[in-house]
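First, one chain by itself: the form predicted alone, in structure tokens.
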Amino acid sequence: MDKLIYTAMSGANRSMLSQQVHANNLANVNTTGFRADYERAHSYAVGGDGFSTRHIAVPMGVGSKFSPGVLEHTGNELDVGIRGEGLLAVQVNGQERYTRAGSMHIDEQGILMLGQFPVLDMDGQQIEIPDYRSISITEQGRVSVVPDSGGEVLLEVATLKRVKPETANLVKDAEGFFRPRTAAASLPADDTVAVASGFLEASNVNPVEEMVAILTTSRQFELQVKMMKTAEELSQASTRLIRPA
């Protein structure tokens, strides 16, 4: 079979994967703290006799863009947006994971949660919030309350764990959280990461770029399908040439 078929097939597969990634980005254009993804691939020469004229695209997984999103004011004291680089630590299925989303709430047991996952303090522990009259979070992530028991004494409860890893060493999991690409159980806390209480960071997805990317990959997919059809026609023509009269 002509090597062209491998080139076309790998190209079509790569275009399809790319479309899935960009479609997922568009679906999360309004998701708080979402980081846009991009697919990666590299070219690999097809071996065999003759000249090395055919190459295939080998998928290399998905990466994420860490350009900042816009901090939007919500006025909710449990919302935090991260200023500059950094991530918040949460506990997902017993493992420490990281996110830019900061839409927190307190569950029935008084645990500070992000969605259905506990938010962690600087020691990697869940944060229990006592009954309070008011709550505040400083730029350094310190969570304080005025207890519901009376008085105006500000009681510091915990400090949000923030980390600032090399983004190239992070990979996004199926839940949409980040984890180290290596086997490291958790990342060290970084007290220089600042948060803004009463704000949430918007997704960094650019919908125009994503739409253009989807249109481009659609055309590339159609081109790869035409190349496969051409490979089939070439194969049939070759068969006719060697067929006995």
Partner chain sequence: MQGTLFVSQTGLTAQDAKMTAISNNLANVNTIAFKKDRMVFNDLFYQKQFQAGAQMDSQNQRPNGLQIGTGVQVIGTQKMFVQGTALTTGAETDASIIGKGFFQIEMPDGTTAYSRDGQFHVNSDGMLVNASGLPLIPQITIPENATGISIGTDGTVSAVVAGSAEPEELGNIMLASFINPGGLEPIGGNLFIETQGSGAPNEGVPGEDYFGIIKQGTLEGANVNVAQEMVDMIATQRAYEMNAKVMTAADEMLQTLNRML
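Positions refer to the first chain, counted from 1. Computed from a prediction, not measured in an experiment: that's the story for all the values here.
This next part talks about the form predicted in complex with its partner chain, which is not shown.
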| query | finding |
| --- | --- |
| L17, N24 and V29 all contacting its partner chain in the predicted bound form, non-hydrogen atom within 4.5 Å | yes |
| In the predicted bound form, segment of 154 to 162, 103 to 111, 137 to 145, 119 to 127 with a heavy atom within 4.5 Å of its partner chain | 103 to 111 |
| Touches its partner chain in the predicted bound form: M228 (any heavy atom, 4.5 Å) | yes |
| Contact flag, M60 vs its partner chain in the predicted bound form, heavy atom cut 4.5 Å | yes |
| is_contact(H55, its partner chain) in the predicted bound form, heavy atom dist at most 4.5 Å | no |
| P68, heavy atom within 4.5 angstroms of its partner chain in the predicted bound form | no |
| Stretch 119 to 148: residues contacting its partner chain in the predicted bound form, 4.5 Å heavy atom cut-off | I129, D131, Y132, R133, D148 |
